[in-house]
Ligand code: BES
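Next up: a single chain in structure tokens, the form predicted alone.
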Amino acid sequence: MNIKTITALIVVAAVMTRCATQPKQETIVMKKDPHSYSRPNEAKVTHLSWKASVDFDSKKISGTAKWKIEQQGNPGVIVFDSKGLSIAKVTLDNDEATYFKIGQKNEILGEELIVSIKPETKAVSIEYVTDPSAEALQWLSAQQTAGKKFPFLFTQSQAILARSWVPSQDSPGIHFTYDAEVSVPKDLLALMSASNPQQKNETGTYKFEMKQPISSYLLALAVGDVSFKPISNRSGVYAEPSLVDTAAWEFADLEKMIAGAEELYGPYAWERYDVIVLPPSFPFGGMENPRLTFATPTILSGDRSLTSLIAHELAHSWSGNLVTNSTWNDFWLNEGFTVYFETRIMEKLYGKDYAEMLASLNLQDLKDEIESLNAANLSADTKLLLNLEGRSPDDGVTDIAYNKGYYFLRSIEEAHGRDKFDAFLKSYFTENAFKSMDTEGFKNYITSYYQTNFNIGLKDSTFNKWIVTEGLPADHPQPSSTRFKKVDEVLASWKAEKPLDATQSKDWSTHEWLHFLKNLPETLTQEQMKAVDSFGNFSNSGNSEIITAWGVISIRNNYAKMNPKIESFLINTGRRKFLSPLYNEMLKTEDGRRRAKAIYDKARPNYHFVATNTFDKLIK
């Protein structure tokens, strides 16, 4: 029996219970999300009450998800997304059992969970258990943590992995509030993307509340031996006890960032802004879970030089969390706006030239990404507006969304003035708060705003050459950094066969060193590699950005001195941004492929599904 027939039978069963007549309801049409089975135009969720127990021994979460719902047109069913969940039972309102059916599994989307409802149904409760291999959950042994004493659990729900630990309508276009009660081992602290405790209690049971509506990809849970240290009355840092002081020092400017962001684009809407530094297997630099950014320890550089990542995740409190892409095809709306906002925060705190260094590095990364996608016959993925139907939405997580999106917005700012763009952006966040936005909606909003407020007509050609055209427009903005120009002078002098002088670089930041490394010649002799290494002491660096950039150069030029460091780094770091360039460089030769496979076999147990999902296909 196919899923359409099953759905029809459930609808018939539900219809038989209906009243003869029902009041007419207003129809609100939402855009169909190709990555969700849900049908929000018929029935959608509005609030989640989640009660769960975390079991490290079995690597399972046992939970009940009670969803408040709204119906339109008496559909007879409500449809949820599920992936690998064992559903024990489903009830309506006051514990009334109801019929449900789980559809066939799709490798990317998981399973459709169809629940029969009545016209008067206000709530659906789903009792379930997660699978030990649930894609969103990473269960870490004590040995995989800094403290080596207690296990650790964290989630990564973006893009469509929330359905693997909570049955949900797992689409960014659907928003809901939530409360939760979570029981964990008494030695551990539980935290969520909600109101959070700041210390352990004696019971191991913690309660949470998220009053502001969020999308399912922003559901988050972390459980571990963590401590808290305040930075201001509305911000602080969670980390394992051995790291919490280091993290607090690194993020000392957190409150300044929040205040600076508010001055730019309006009040922070989420009450608190805290950061948790996770174990190294976390696959991203950061994840903008509301109230509690999840961050990689790779940004603990010891010199506060990599905290633009925190500015980026903070900026998501407006772009993404507040105004959310309606589907993952519109992902650039989340990330392009956020890179723009992040860069403005960094400029406000540290000056124009600092921000221009970041923008210059972003442009170089963007050009490299376009070249890489073109080489892989994926040139269509260099458009801002994507078509990811039938594909994993993770395929859209590239520098195109982030940096091409940023340069598109910057091009509008430069063409018509920063004051106008700032006014637009503040209005955009305010008027669309807690709503979803697609690319067409953005175009309509900004076009109307500029015409109404400034009598400026934004041309269709401007949107088309950025949004639906491949590659990077030739007339894109050109960042200019005085500090990078000095680095370029050092490079030019060295290429003219003058020796490198350490006094020239004594005040360089991580960004200047990265610019230096990324502009070295493609091929270097062993003597040149030694000279460059001596100049920057790169092989002894503890900075993840430097290790990655120098590692790629070392692999390309067979600089054996870096081999042990690269292997250790790949085994002990899970951030996909760093893994990809190193593995990809090794895979360019047969010897490198053998080496990559040997390292990956050792490293894979330390990686999150988000990383293994990428590298299993690439390396095995």
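Remember, predicted model here, so these are calculated numbers, not experimental data. Numbers for residues come from their place in the sequence shown, where the first is 1.
Below, we turn to the form predicted in complex with the named molecule, even though it does not appear here.
**Q** Could you check which residue among Gly84, Pro213, Gly286, Pro151 gets a heavy atom within 4.5 Å of the named molecule in the predicted bound form?
**A** Checked against the cut-off, the match is Gly286.
**Q** From the list Glu313, Glu135, Asp330, Glu240, which entry has a heavy atom within 4.5 Å of the named molecule in the predicted bound form?
**A** Of the candidates Glu313, Glu135, Asp330, Glu240, Glu313 is the one lying within 4.5 Å of the named molecule in the predicted bound form.
**Q** Just to confirm, Lys59 within 4.5 Å of the named molecule in the predicted bound form by heavy atoms?
**A** No, Lys59 sits far enough from the named molecule in the predicted bound form that none of its heavy atoms falls within 4.5 Å.
**Q** Can you tell me if Leu517 lies within 4.5 angstroms of the named molecule in the predicted bound form, counting non-hydrogen atoms only?
**A** No.
**Q** In the predicted bound form, is there a heavy atom of the named molecule that lies within 4.5 Å of any heavy atom of Met257, even though the partner is absent here?
**A** No - in the predicted bound form, heavy atoms of Met257 and the named molecule never come within 4.5 Å of each other.
**Q** Does the named molecule get within 4.5 angstroms of any non-hydrogen atom of Ala159 in the predicted bound form?
**A** Judged by the heavy-atom cut-off of 4.5 Å, Ala159 is in contact with the named molecule in the predicted bound form.
**Q** Any chance all of Glu369, Ala380 and Lys465 sit within 4.5 Å of the named molecule in the predicted bound form, going by non-hydrogen atoms?
**A** No: no residue has a heavy atom within 4.5 Å of the partner.
**Q** Picking from 305-313, 97-105, 418-426, 185-193, which part of the chain touches the named molecule in the predicted bound form when contact means heavy atoms within 4.5 Å?
**A** Residues of 305-313 come within 4.5 Å of the partner.
**Q** Taking the named molecule in the predicted bound form, which residues along 568-602 bring a heavy atom to within 4.5 Å of it?
**A** Going through 568-602 in order - heavy atoms within 4.5 Å of the named molecule in the predicted bound form - the hits are Arg575, Lys577.
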